[in-house]
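A lone chain, given as structure tokens: the form predicted on its own.
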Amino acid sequence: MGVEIAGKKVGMTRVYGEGNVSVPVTVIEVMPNVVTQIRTEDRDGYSAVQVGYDDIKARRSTIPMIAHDHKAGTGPKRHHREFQADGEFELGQTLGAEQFEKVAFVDVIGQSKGKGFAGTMKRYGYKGQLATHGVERKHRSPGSIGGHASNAGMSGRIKKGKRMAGHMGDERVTVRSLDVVRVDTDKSLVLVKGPVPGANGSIVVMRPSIRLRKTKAAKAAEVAAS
């Protein structure tokens, strides 16, 4: 598997590709990801790389975490995460936007925007009740749920998973196989085409796509070999 790099979602803009075609892109600012620990089979029972990102003041961290990051020659970090990756990494190494220079497609992981308490029409796309003569004024209600309350005589409760009103959004979302339109290593920016979860300023994690269709897999192999 490839590296997983954290960054901040800056917002959207456009770039002009071949034939002056306008391409909408999302700008992701890659933060310096410092390798803070290297997991090995002999010592930890599995192989992985731990990175830390987002600098914080020492008083906002803990003494064990300050010492942990100090071993890697860096200051205290707000977040730490691990990933399995092929290749050699060194303690204290900084990973940035250059990791995606020969990557054609990425998966982006983030926390979606919270929508609060939402009804079934907004949450699941229900069409609602009829709005004609004789219909009670409950046009946005989900309708009858009693048919799912018997469960073949086992209980009187609603079956788990019944689609009803409730909390919407604010959950981990992974968007797969987004096109990498441009990588600016000088400004540490990666421009991707497609929807990126979360609000502007939120932290997202990018990784080379791990599941591609044949056409995209061929293009990814061509870009990696160039």
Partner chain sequence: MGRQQILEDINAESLKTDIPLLCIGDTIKVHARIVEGEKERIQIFEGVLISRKGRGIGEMITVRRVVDNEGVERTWPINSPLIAKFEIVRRGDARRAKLYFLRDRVGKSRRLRDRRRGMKHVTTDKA
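Since this is a predicted model, take the numbers as computed values, not measurements. Positions refer to the first chain, counted from 1.
Quick note: we don't show the form predicted together with the partner chain, though the next part is all about it.
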For this session: Look up in the predicted complex whether Leu191 has a non-hydrogen atom within 4.5 angstroms of the partner chain, and give yes or no.
Result: yes
Exercise. Counting only non-hydrogen atoms and a 4.5 angstroms cut-off, does Asn200 reach the partner chain in the predicted complex?
Worked result: yes
For this session: Answer yes if any heavy atom of Met12 is within 4.5 Å of a heavy atom of the partner chain in the predicted complex; otherwise answer no.
Result: yes
For this session: Report yes if any heavy atom of Thr215 sits within 4.5 Å of a heavy atom of the partner chain in the predicted complex; otherwise report no.
Result: no
Exercise. Non-hydrogen atoms within 4.5 angstroms of the partner chain in the predicted complex: do Glu90, Lys102 and Ser226 all have one?
Worked result: no
Seminar exercise, completed: Partner contact check in the predicted complex: of 66-74, 168-176, 182-190, 52-60, the stretch with a heavy atom within 4.5 Å of the partner chain is 182-190
For this session: Scan Met31, Val27, Val34, Ile38 and let me know which has any heavy atom within 4.5 Å of the partner chain in the predicted complex.
Result: Val27
